[in-house]
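Here we start with a single chain on its own, the form predicted on its own, put down as structure tokens.
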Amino acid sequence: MKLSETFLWGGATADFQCEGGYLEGGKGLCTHDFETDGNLENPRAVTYRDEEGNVYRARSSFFSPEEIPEGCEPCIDERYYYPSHKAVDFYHHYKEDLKLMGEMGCNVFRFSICWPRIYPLGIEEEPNEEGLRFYEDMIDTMIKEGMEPLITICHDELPSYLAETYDGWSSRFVIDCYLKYCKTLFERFGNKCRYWLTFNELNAVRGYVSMGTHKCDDQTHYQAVHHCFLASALAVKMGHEMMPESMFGTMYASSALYPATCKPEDIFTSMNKRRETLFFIDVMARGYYPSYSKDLLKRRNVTLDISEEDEKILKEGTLDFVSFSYYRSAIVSKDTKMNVIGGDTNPYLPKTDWGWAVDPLGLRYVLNEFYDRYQKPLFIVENGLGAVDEINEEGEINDDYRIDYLRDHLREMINAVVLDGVKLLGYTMWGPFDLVSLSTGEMKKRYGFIYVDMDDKGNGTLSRMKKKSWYWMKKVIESNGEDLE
């Protein structure tokens, strides 16, 4: 049960959840910079100021979008805590963090580049040299530590100027801005980076923070997604021309989705719900809108502006591999209410402290489903357990629960590769070091092998410490997945 010697083991992050360095080095504002902290009962939200100067929070991103009231604009209010401004200060700790990952044996690191750190407004003619130097030094450091860079070009954010002035991805103008940004990255880092992800979780994002749109209705959203499809395809084509050895994917938010019962209505509903989320990766991996998309868009009263040239672009810029996240599974019945992703809780499965179903076999299920569907190499670029970690009296963090979670998932991953014949490039566990939670903005929901001393409000020394899972994962990587005990 051993993996290929070329298998890639590592960790994955997003700039706004770990980087910090708010406005340092010439960085401009990104849409996540307006997002406050929160928790399960009071989710993080964007702060806005109305025409009378009143400030309030609105949930205009992630799973429960709300439209931004007319006449309002996002603002930063010092009375609130904004996690992205500090995050876990990877901006100043990256050499230490990458060294700890290298010592663990990682040979790949997935990270995102902050678009407004390269083009602060998104419309400049020339990039910000200080931002490019930061990422260049970071890439050189990870290569020195034995890791391949896996770059996410756009991870759920864009320069706030593009969001405010052009209503984000609802405008085709943003495609040109994105391609200029891509070209800059390819020119600067293309000789050092082979693996690229054009976008992150297009099926799981909408609203101001992720798409930059002020309206969250289906028509605006799906048109914005179409523009992202075009931008991705054009970037893939450009990347292949500029970097012939490069490989491109995009990050798709996956989960295993099962029918709640064997009733034909539930089974048919689960098929349709699955199509609604697979639609996003279907277009990017296959290069065309699938037949079922006509019904999907009609049910949402969406009429897309798609030209024959658009269709040609999609065909010429298909992905080289399919990369995805996997954390949980869900069930659906004919009565299930879900918007693209989600579903009902499976009563047969245990749950995490945050209510996510733990389903290792679902990972094997998804790996087989995707490989059968696309016949392209796969890459697991997010998986992991968010939990509350505590330091004991001996000064240790014995996160056996995380080891159990990862061991069971890695075993099913290896079964899919060795027994089922799935072609898998690698595995990057979400949060190799603790970082800020996307959904709630908390620090107490920790994922990492490496503990970061910081609380939900940014207090702490920011010192790093290895957890028990760090030593276990080091052994797993050394044995290339053979020793999971």
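Numbers follow the displayed sequence, beginning with 1. Note that this is a predicted model, so its numbers are computed, not measured.
Although it is not shown, the form predicted in complex with a small molecule is what the next lines describe.
- [ ] Taking 4.5 Å between heavy atoms as the contact cutoff, choose which of E201, D282, D266, E164 touches the small molecule in the model of the complex.
- [x] Result of the distance check: E201.
Checklist line | in the model of the complex, the residue from E382, D399, E157, D359 that sits within 4.5 Å of the small molecule by heavy atoms | finding: Contact residue from the list: E382.
### Message
Which is the contacting stretch out of 51 to 59, 454 to 462, 434 to 442, 413 to 421, given heavy atoms within 4.5 Å of the small molecule in the model of the complex?
### Response
Stretch with heavy atoms near the partner: 434 to 442.
Proximity of Y447 to the small molecule in the model of the complex, heavy atoms at 4.5 Å: Within the cut-off, so yes.
* Hey, in the model of the complex, does F229 get a heavy atom within 4.5 angstroms of the small molecule? -> Although the small molecule is absent here, F229 would stay clear of it in the model of the complex, with no heavy atoms inside 4.5 Å.
Quick one: is V88 in contact with the small molecule in the model of the complex, heavy atoms, 4.5 Å cut-off?
V88: no, not in contact with the small molecule in the model of the complex.
4.5 angstroms heavy atom contact with the small molecule in the model of the complex for Y427: Close contact is absent here: in the model of the complex, Y427 is far from the small molecule, nothing within 4.5 Å, heavy atoms only.
Candidate site Q17, M251 and Y327: all three near the small molecule in the model of the complex by heavy atom within 4.5 Å = Every residue of the candidate spot has a heavy atom within 4.5 Å of the small molecule in the model of the complex.
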